[in-house]
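One chain comes next, on its own, written as structure tokens: the form predicted on its own.
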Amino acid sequence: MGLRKRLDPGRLSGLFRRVAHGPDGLARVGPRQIYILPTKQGLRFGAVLLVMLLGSLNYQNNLGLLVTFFLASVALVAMHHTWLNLLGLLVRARGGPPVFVGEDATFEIILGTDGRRAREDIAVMDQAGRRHAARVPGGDQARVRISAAAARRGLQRLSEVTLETRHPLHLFRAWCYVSCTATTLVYPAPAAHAPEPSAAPGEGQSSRRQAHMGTDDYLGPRLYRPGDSPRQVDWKAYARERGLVVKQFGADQGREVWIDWDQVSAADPETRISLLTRQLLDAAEAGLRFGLRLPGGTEGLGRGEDHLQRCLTRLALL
């Protein structure tokens, strides 16, 4: 049992050197951080060379010895170029857009080089072992997107990526481990159904007024408020330098609701967060003005995609 623990891959991986990132989030691959071993093709190639060497020595065939040593020198040069293909590579990782639990969180890996020499057949390995190949032009950058399953709400971190190359002859595999600090936000998974949220004070009178005036009646302009949809902005008035003015219609005077932590009952906090997420999505889809009350703070009434994302962010980080 003690030997198994010592040979555990997780324990052994801690012995490898990592490419550390600087204060700017940029990592540079150094010479002592690259590992290299022969591939299956390289082992077969070495076995063939060994057979050729033994046969040439046995039959005293000078031409066979010449070909054998020539192919061995080609393999040595290929090994050097495989190692050199990773040396000095610049790596930066960035998080992708927010996703919901159960979806795939994406990260962008930016590969660059200071010199003029292009880097061929560079592969980025994700956590699932998938290989994403890229070519880095000399003095330029290449971008690779990798994904990871979002299993928990909150900030999901990409702690490490593996870079590898088998260029030019695929006889050797060189790789390195790069530490990362990229994060992406994971929203809670919404419930399938949720109870109706509580109405804001004075909502009943507003609803009766809407029903009385009709959904297509023009109620007049008002100043723009954060969270208003760009489709409601009077762009003609803005072109006349009257500022941001929003057109009000009867349908725009809809319900104002509060999505409240204390108004939702659930067996555990995660289920309650899932119900609140569903209420937020339903309110945004219906075009309502909604606010969010949580134990850690309150997000005021608003409307629009930006307001929805602020509320979802509060729930994700609660």
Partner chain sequence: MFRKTRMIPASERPERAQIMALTLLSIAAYLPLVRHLDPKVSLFVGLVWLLRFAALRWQAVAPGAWVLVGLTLIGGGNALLAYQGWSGRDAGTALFVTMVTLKLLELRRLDDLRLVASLIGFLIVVQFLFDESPWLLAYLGGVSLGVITLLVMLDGGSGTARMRPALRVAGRLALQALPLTLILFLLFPRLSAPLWSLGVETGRAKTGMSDWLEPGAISELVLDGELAFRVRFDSPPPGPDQLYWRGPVLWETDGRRWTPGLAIVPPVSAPSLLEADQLIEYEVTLEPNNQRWWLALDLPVTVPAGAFLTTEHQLVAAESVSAAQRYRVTSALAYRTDSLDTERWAAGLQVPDNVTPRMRALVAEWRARVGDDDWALIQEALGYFNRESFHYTLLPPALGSNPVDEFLFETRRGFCEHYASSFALLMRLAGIPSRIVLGYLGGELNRVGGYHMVWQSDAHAWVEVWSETGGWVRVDPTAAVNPARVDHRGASQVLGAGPSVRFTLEQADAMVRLARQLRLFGDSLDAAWQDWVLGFSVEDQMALLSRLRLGELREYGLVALLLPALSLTLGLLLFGALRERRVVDPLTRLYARLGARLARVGLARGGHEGPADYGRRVSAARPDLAPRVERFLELYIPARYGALPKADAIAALTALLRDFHPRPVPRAKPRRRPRAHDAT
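Numbering follows the first chain given and starts at 1. Small disclaimer: the values here were computed from a predicted structure and weren't measured.
Not pictured, yet referred to below: the form predicted in complex with the partner chain.
Stretch in contact in the predicted bound form with the partner chain, which is absent here, among 166-174, 92-100, 153-161, 190-198 (heavy atoms within 4.5 Å) | Only one stretch passes the 4.5 Å heavy-atom test: 166-174.
With the partner chain left out of view, which of A123, A142, L87, A182 would have a heavy atom within 4.5 Å of it in the predicted bound form?
-> After the contact test, the surviving option is L87.
Contact test in the predicted bound form: W83 vs the partner chain, heavy atoms, 4.5 Å = Heavy-atom contact with the partner chain at 4.5 Å: present for W83.
G64 within 4.5 Å of the partner chain in the predicted bound form, heavy atoms | Yes, contact at 4.5 Å.
Using a 4.5 Å heavy atom cut-off, state whether I146 contacts the partner chain in the predicted bound form.
-> Contact check for I146: no, nothing within 4.5 Å of the partner chain in the predicted bound form.
Does at least one non-hydrogen atom of V233 fall within 4.5 angstroms of the partner chain in the predicted bound form?
-> The answer is no: V233 has no heavy atom within 4.5 Å of the partner chain.
Can you name the residues of 29-51 that have a heavy atom within 4.5 Å of the partner chain in the predicted bound form?
-> Stretch hits, in order: K40, Q41, R44, F45, V48, V51.
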